[in-house]
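Below you will find one chain, with nothing else, as structure tokens; this is the form predicted alone, and questions on how it binds or moves follow later.
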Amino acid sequence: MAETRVESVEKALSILEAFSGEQRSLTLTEIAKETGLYKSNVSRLASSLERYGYLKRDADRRFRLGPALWRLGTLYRRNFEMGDAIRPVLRQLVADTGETASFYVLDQDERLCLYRENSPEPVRHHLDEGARLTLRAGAAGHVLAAFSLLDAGAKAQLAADGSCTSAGERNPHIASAAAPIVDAAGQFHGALAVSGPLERLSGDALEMARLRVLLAARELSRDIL
């Protein structure tokens, strides 16, 4: 079956995708440059997105993401049936390891941090819920690519038990350990991970983090049915 595409919808979504943590507000000209769309086209689409609350315009005529996206994101997180089970596990992992704990799901060709609990340490790997990271580097990325996309290269990065560690792959100062959450029916739900500075999370500390994440992921895998 041929793939059905609606060009106007994809153009509107490309406008929303132009924003990032580094580019939280954009002018009409900047949006056109980021998307490759004509300014006249951007203007019409941005006005519609603003009307429905997906964009808002500041007094200086710069666009920002609007509250409608927050509402939808909140609904998505609330409707994700594992949320109540995952958050206590993340808090326990932080208590056990002292490092940041996160839960990732596949989002197109990236990984999305759906839930996180940041380390209390002043020097830490800080993550925000909703952050998108690459699938091609980092322990959680390898787990997601292996189990969601059946990527052979990613599978080769995993231990026999499905867990994974990485050191300095995505960020030269960060190490991480991750494990899959797979229920009794064989359905893959996402990757549980711990990440922190290489100066603390290496050698025996990284191996201990891997074992703790693996144990937590297995317990979650039993609890979600």
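None of the values given here were measured: they were computed from a predicted structure. Residue numbers run from 1 along the displayed sequence.
Unshown form predicted in complex with the DNA; subsequent notes refer to it.
**Prompt:** Ok, Leu28, Leu158, Leu65, Ala167: which has a heavy atom sitting within 4.5 Å of the DNA in the predicted complex?
**Reply:** By the 4.5 Å criterion, the partner-contacting residue is Leu28.
**Item:** Residue (of Ala175, Ile181, Leu55, Leu45) lying close to the DNA in the predicted complex, criterion heavy atoms within 4.5 Å
**Value:** Contact residue from the list: Leu45.
**Asked** With a 4.5 Å heavy atom cut-off, would you call Gln187 a contact of the DNA in the predicted complex?
**Response** Result no; Gln187 lies far from the DNA in the predicted complex.
**Message:** Residue-level question: is Arg222 within 4.5 Å of the DNA in the predicted complex, judged on heavy atoms?
**Reply:** Contact check for Arg222: no, nothing within 4.5 Å of the DNA in the predicted complex.
**Message:** Is Tyr38 part of the interface with the DNA in the predicted complex - any heavy atom within 4.5 Å?
**Reply:** Taking the distances in the predicted complex, the answer for Tyr38 is yes, it comes within 4.5 Å of the DNA.
**Message:** If we define contact as a non-hydrogen atom of the residue within 4.5 angstroms of the partner, is Lys11 a contact of the DNA in the predicted complex?
**Reply:** Looking in the predicted complex, residue contacts with the DNA include Lys11, since a heavy atom lies within 4.5 Å.
**Message:** Looking at heavy atoms inside 4.5 Å, which stretch does the DNA contact in the predicted complex, given the options 28-36, 196-204, 159-167, 65-73?
**Reply:** Selected stretch: 28-36.
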